[in-house]
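In the block that follows, a single chain appears as structure tokens, in the form predicted on its own.
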């Protein structure tokens, strides 16, 4: 519980230095966080099986509190998630079943294991608000919670006002109640776990302060709220948007290679800021990376560090090492640097065709290989490409269209990386 041990660092100063504070209640949170161990919570509604990268920013606030010696609570909105937060949404979300919510919550817990430590002295605790909201009667809700909120105050909240003014969608009573239910969560955690701080994204400010006010009115006690800013690029673009959609933490929805490559392509103007927000590298380390990047922009040393650190936090070090090796092989390092364990990540990066080991043992015609992979439309086109010096097999220029490709040329006896022209790749992989 709170107050049992002294915090190790000034977490509010750390968050401020890293550009991670958007709004904070004027209630002495910094002084309190320096003086005693706090219990801090962040909530999320498990409406999808995966968080997007932008959803991680409030979790990073929680992680910094934990690293400074405070206890984090991760609240799963099993109850509120079946209603949906109206904050800055154009229409009402589809309601989920309890089973869907539980499944999504467990997936998200696994996705956040790189950011939050669920073991040890300040172990993160995961709770589900359906455990208390599901037991609350309507009379209790109206008498003990609802009476402390005025309709005037709730309608003045920007997130609610936007929906009310929308003639097309409006806002249901269920969604209108979301703010009250989230405030009830804060009150419950205050009473049961001594939680006095809630963190979230800046679109949650109205909901967070509703909880602060409820605790003040019903318990005559101080509670605190802190939000992180919306992270955008220097050009103003929203973070985490790719050609294929959002950047998800679930590897089945966004592959680790796609995650890594997204950050490799970060603009030089943004990389320092993203290192401060999304990694736990020290400010001195980040400054050194920015200086090295400025001195040698082509090296992309800051981007490669950013990509590796985020991929490690989301998917683990072994995966981060694998996708980094695959990326290096395709963009300058060549296949010699690859280990056999890196092949699955290379297969995520380029089109891949599985073929039989017997074809390689007998000697694979390069003409057949190009047609099989779709790299060339016909054997005639494949022959002309090879004669013009346009085919590379595992970085070796293949100039003879009649020379078969054998096991000796294959990486680890089973992988052939074909390159057509400067940067068109296809992987041929013997099935296991």
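Residue numbers count along the first chain shown, from 1. Bear in mind the structure is a predicted one, so any value in this text is a computation, not a measurement. The term rigid core refers to the maximal set of C-alpha atoms that superpose within 1.5 Å between the two forms.
Just so it is clear, the following notes concern the form predicted together with the RNA, a form of the same protein that is not shown.
Among residues of the shown chain, residue 264 is one whose heavy atoms approach the RNA to within 4.5 Å in the predicted bound form. Under a 4.5 angstroms non-hydrogen atom cutoff, the RNA in the predicted bound form lacks residue 399 among its neighbouring residues. In the predicted bound form, the RNA lies within 4.5 Å of some heavy atom of residue 384. Contact annotation for residue 406: none of its heavy atoms lies within 4.5 Å of the RNA in the predicted bound form. Interface residue among 390, 366, 58, 46, judged by heavy atoms within 4.5 Å of the RNA in the predicted bound form: 390. Screening 102, 216, 273, 300 for any heavy atom within 4.5 Å of the RNA in the predicted bound form leaves a single hit, 300. The stretch from 290-298, 68-76, 205-213, 311-319 that comes within 4.5 Å of the RNA in the predicted bound form, counting heavy atoms only, is 290-298. Taking the RNA as it sits in the predicted bound form, the stretch 410-428 comes within 4.5 angstroms of it through a non-hydrogen atom at 420, 421, 422, 423, 424. Residue 365: CA moves 2 Å or more between this form and the one not shown after rigid-core fitting. In a rigid-core overlay of the protein, residue 16 has its C-alpha displaced by under 2 Å between this form and the one not shown. Remark: with the core as the superposition reference, the CA shift of residue 32 between this form and the one not shown stays below 2 Å.
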